[in-house]
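The data below hold one chain only, encoded as structure tokens and taken in the form predicted alone.
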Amino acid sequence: MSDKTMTADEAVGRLASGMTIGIGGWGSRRKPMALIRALLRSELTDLTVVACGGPDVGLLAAAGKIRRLIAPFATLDSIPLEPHFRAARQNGTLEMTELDEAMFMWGLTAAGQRLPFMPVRAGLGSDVLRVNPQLRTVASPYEDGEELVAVPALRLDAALIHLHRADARGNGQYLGPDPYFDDLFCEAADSAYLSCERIVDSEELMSGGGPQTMLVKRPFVTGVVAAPNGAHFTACDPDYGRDEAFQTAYARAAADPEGWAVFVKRFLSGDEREYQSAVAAFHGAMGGDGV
């Protein structure tokens, strides 16, 4: 029942190099970007990242912080392939374990249930088993004897997620169209850090959306971070949509080393307050070239 509030930098300060970090959200939707930006400011490296990837994966890859990525995809949604992820794969600067989306979900579920693996049909008859030769199949011990994929548990040292509302105790509420896998990330992790648009009283959580929106429960949350606009530039509907103009500028800058250096200096060289101020100035100067 204690107050779990902390800053983004304090949350990231509890992480360590070499950890396996799960990142919630989906593509360019409701990513914990304020926490990702804090991670970029840190000295952490050699990370294994588990995510339905978006600009979180791109930024961490560009900064050289990912050793291994476990993901079903890495996309900006309206831009099909995350540009920094693509460059990292083409240049071989990170190891990759690609899983079917269902395999990914059941791997997190297995970890949350503290099971070593989960038997699933997903992946059978596909190239997933060919590109991941470490995956194994198991035979059903029952009369049917069906062969299934044994998806290994995706156990996490820590999880980072972003939700719409939370209380100081760690209960988290989503108000958008999809919970994604955020609750599974928290349950699969030894510690979980939840950033949110607003920290509210517990009573307001229950009255604003109904109990079905109470996605994350406090026993699975270590820290709560107030981060208004903290999913930017990804979508956080209904609070705000994806910042398509900024995302376009991000992708354009990622394609050019000089342009990327300018982008980093302008948007990623300071703290979160400076980032949000730079974004506001970007939109105020939209008559120019954007970056």
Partner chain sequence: MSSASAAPASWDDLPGPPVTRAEYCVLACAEAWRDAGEVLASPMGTVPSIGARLARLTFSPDLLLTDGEALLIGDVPAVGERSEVTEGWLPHRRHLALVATGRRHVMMGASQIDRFGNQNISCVGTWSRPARQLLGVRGAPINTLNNPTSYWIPRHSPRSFVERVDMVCGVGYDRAAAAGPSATRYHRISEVISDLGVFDFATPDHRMRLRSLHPGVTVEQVREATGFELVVPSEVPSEMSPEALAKTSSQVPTEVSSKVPSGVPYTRKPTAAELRLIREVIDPHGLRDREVRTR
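Numbering follows the first chain given and starts at 1. The structure displayed is predicted, hence computed values, not measured ones.
Same protein, other form: the form predicted together with the partner chain, not shown, and the subject of what follows.
- The partner is absent here, but in the model of the complex a heavy atom of 29, alone among 37, 232, 29, 65, sits within 4.5 Å of the partner chain.
- A heavy atom within 4.5 Å of the partner chain in the model of the complex is found for one listed residue only; from 128, 221, 205, 153, this is 128.
- None of the heavy atoms of residue 190 is located within 4.5 Å of the partner chain in the model of the complex.
- Using a 4.5 angstroms threshold between heavy atoms, residue 114 stays clear of the partner chain in the model of the complex.
- Interface residue remark: residue 107 is not counted as part of the site for the partner chain in the model of the complex, having no heavy atom within 4.5 Å.
- At a distance threshold of 4.5 angstroms between non-hydrogen atoms, residue 209 is out of contact with the partner chain in the model of the complex.
- Of all the residues from 91 to 105, those having a non-hydrogen atom no more than 4.5 Å from the partner chain in the model of the complex are 91, 92, 96, 98, 99, 100, 101, 102, 105.
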